[in-house]
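What follows is a single chain, given as structure tokens, in the form predicted on its own.
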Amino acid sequence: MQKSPLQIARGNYQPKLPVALKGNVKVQEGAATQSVADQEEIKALFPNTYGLPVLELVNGEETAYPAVNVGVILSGGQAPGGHNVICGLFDGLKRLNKDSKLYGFLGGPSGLIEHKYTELTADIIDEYRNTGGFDIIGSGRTKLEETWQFDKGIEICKELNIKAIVIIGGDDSNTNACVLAEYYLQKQCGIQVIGCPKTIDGDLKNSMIETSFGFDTACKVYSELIGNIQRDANSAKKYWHFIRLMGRSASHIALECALQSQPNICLISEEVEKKNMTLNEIVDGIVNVIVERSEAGLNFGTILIPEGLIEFIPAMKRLIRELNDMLANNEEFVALGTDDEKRQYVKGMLSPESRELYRSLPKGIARQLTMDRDPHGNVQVSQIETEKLLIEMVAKKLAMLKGEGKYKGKFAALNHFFGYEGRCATPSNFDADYCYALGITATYLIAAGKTGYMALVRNLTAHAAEWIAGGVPITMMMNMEKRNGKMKPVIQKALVELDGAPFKFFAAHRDSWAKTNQYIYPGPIQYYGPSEVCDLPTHTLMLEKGVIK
């Protein structure tokens, strides 16, 4: 396989480790825990893994460990650094006992169920050190939630003598890991389950998990692109760039990219919901900035839009809910011939408020809302081109203002969506180090006989040598939420906190960013050079920890 010069150099990079993970290690137990909410319900569902203590890995005595076979699963969407978790896991196992083996289940959780696997040897591992992607074993979105799936997992684990499974995934995947750990304890089959916090969206974090891996790299990739666009906008001085960014459930990516690049406008979904804003109010806010900048001769700018914005607009959320209820298994609607017939049908069935909103939408967006649906019959919100919707509505409003003599500028817009560009990037030094440490940490949790835990590395704004490794019980992060009409235990998603330091910093500066050009051009990720450039964590983390104010 041919490699670029950077790939070759990165293969030789040795990730930095916390001091506690460099020598002999022991597990130190802290106080007992409880779930973030719904304590009685969670405790009843997880009697064997509820209330476990937080763990910290500290320097210990030299210990002889027996050989152990471990299985690893990559679950959900890709995130930079996943390969380094596996490399850390492999190196950790071999450090404890050279006869230990690591098996990778292929294609995600389905590999465990279907008994598709490969042994990960040193030759394979060395090809993937410090690389992006999940292609070492592939990933998938199969949920592990049925008893028969768990039992199929027991079968293959017994066949391969696997004593522990590491699931690398987001909130849903780690919820599944906790359910699996509980079941295997109930069955007394001797299989441990450890999770690792992955998602570029940044919404898997809490009082113990400071950030999920991949968020740093993805935001740096997107911020480079945004900076490039801003430099072009400031050079050509004739385009407004509407940039939609990944992050359906939370606006962490949009906020972090705004902090890194200082665009003219950045929409935050959580603020839109809190203020009960309408789509027209969002459009008016954008128009006001465009008009004000045009009066200063600035007919260009950048606007960041979180992928999940539509779902956070209360009126749009009600419209989507009505459409989901109306069109699920609706044969009468499917039998209609033309788009206009379907549009009229929908308008006749909606509530007055939703009908008015639906009528105001551009036809292309209205069609997406009714035609493009997921296997459950629901609107595929992540597929809605919100940036095009806003461009069309803003252009219409500006045309009206021009006709009234209230706007004399020129408006030309370009749309962008940055998503897959960041999911498999070569991990930043931060993510390479963080993920490798997570893999080593998972090894020691397994060696200590722990199960139902998520590997934990914190104190992440300090030098890597000062990071603190350990484990947090997955039940500690859980609450009960309604999924598909039923209450289920899930890890609580972390949304942007409007009273948190990152948003407050953004809110304090956005007016001046809107009026003038205070663009920052972050440039590409740097892997070699001064630590203050190459090892820098996210602005979000630094603001949360008070490193910058």
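The first residue of the shown sequence is 1; numbering continues from there. Remember, predicted model here, so these are calculated numbers, not experimental data.
Same protein, other form: the form predicted in complex with a small molecule, not shown, and the subject of what follows.
Student: Would Q380 sit within 4.5 Å of the small molecule in the model of the complex, counting heavy atoms only?
Tutor: Heavy-atom contact with the small molecule at 4.5 Å: present for Q380.
Student: Can you tell me if Y420 lies within 4.5 angstroms of the small molecule in the model of the complex, counting non-hydrogen atoms only?
Tutor: Answer yes; at least one heavy atom of Y420 falls within 4.5 Å of the small molecule in the model of the complex.
Student: Check G247 for me: does it contact the small molecule in the model of the complex (non-hydrogen atoms, 4.5 angstroms)?
Tutor: G247: yes, in contact with the small molecule in the model of the complex.
Student: Answer for H463 alone: is it within 4.5 Å of the small molecule in the model of the complex, judged on heavy atom distances?
Tutor: No, no contact at 4.5 Å.
Student: Within 4.5 Å of the small molecule in the model of the complex, do G76, R141 and I200 each have at least one heavy atom?
Tutor: Checking in the model of the complex: G76, R141 and I200 are all within 4.5 Å of the small molecule.
Student: So the small molecule isn't shown here. In the model of the complex, which residue out of D216, E307, D433, E256 has a non-hydrogen atom within 4.5 Å of it?
Tutor: Comparing distances to the small molecule in the model of the complex, the residue within 4.5 Å is E307.
Student: I need the one stretch from 186-194, 239-247, 117-125, 290-298 whose residues put non-hydrogen atoms within 4.5 angstroms of the small molecule in the model of the complex.
Tutor: Flagged stretch: 239-247.
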